[in-house]
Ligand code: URA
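In the form predicted alone, a lone chain appears below as structure tokens.
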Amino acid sequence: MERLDKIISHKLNITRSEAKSLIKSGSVSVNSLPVKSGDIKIGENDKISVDGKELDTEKFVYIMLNKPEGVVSASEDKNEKTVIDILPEEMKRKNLFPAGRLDKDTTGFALITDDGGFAHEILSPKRHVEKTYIAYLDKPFDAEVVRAFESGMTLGDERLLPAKLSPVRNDFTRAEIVISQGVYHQIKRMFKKFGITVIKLNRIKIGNLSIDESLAPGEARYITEKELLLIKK
């Protein structure tokens, strides 16, 4: 069971204090009865309505985190701070995990959920859900590197899927890369084949969903149902 204000905050993508104010205003009812306290516990069969409209109270959560440097993409770690550790307390719940990994020094869009089926769906090699990154490089890339990315290069014994590479605002030391795999240190290793070092790497998009630019490093918010569809596309 979960607190009513926590559920309202999640479903409406508002802060906990905003949810409490909404409840106190008399706009919220549970099982057709008005309530004015956010601390009541809600069970699986309870029906919540806001201004007469019933909320969809799915059991899974989906969180967008703007991952800062120095945090590992893991549910728990004995030595390092994890993406779960830095979530706001009101967002923490059992079984949360990052859907896909970002390197410790890579920043940007980290997707956190407790829905294993959804994570498998977007991470499956058969789905090829694209991830978009901005890389800051120690030297400019050229047309040869672009062709290599687009044709699908080889890393070790593995043949990669084609990737998209383009300059950011015509600056060839800043690159936008779109990949549909999750090979270990993939982007850094791809550039390294051409003697180029990635100084900084930031993920800005998963599927067709871009990171919320209002989120400062370390901040998080819930992903809406419409936004989930953008990821799957």
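In this text, residue numbers run from 1 along the sequence as written. Computed from a prediction, not measured in an experiment: that's the story for all the values here.
Quick note: we don't show the form predicted in complex with this ligand, though the next part is all about it.
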* Only one of L102, V71, I112, A135 comes within 4.5 Å of this ligand in the predicted complex by heavy atoms, so just point that one out. => L102
* **Selected contact from S49, S180, T173, Q186, since only one has a non-hydrogen atom within 4.5 angstroms of this ligand in the predicted complex** => Q186
* Mind telling me which stretch in 159-167, 140-148, 103-111, 76-84 gets its heavy atoms within 4.5 Å of this ligand in the predicted complex? => 103-111
* Could you tell me if L65 has a non-hydrogen atom within 4.5 Å of this ligand in the predicted complex? -> no
* To do: Would you please decide whether I206 lies within 4.5 angstroms of this ligand in the predicted complex, comparing each non-hydrogen atom pair?
  => no
* Hey, in the predicted complex, is V28 touching this ligand, heavy atoms inside 4.5 Å? -> no
* Asked: What residues of 201-218, in sequence order, lie within 4.5 Å of this ligand in the predicted complex by heavy atom?
  -> L201
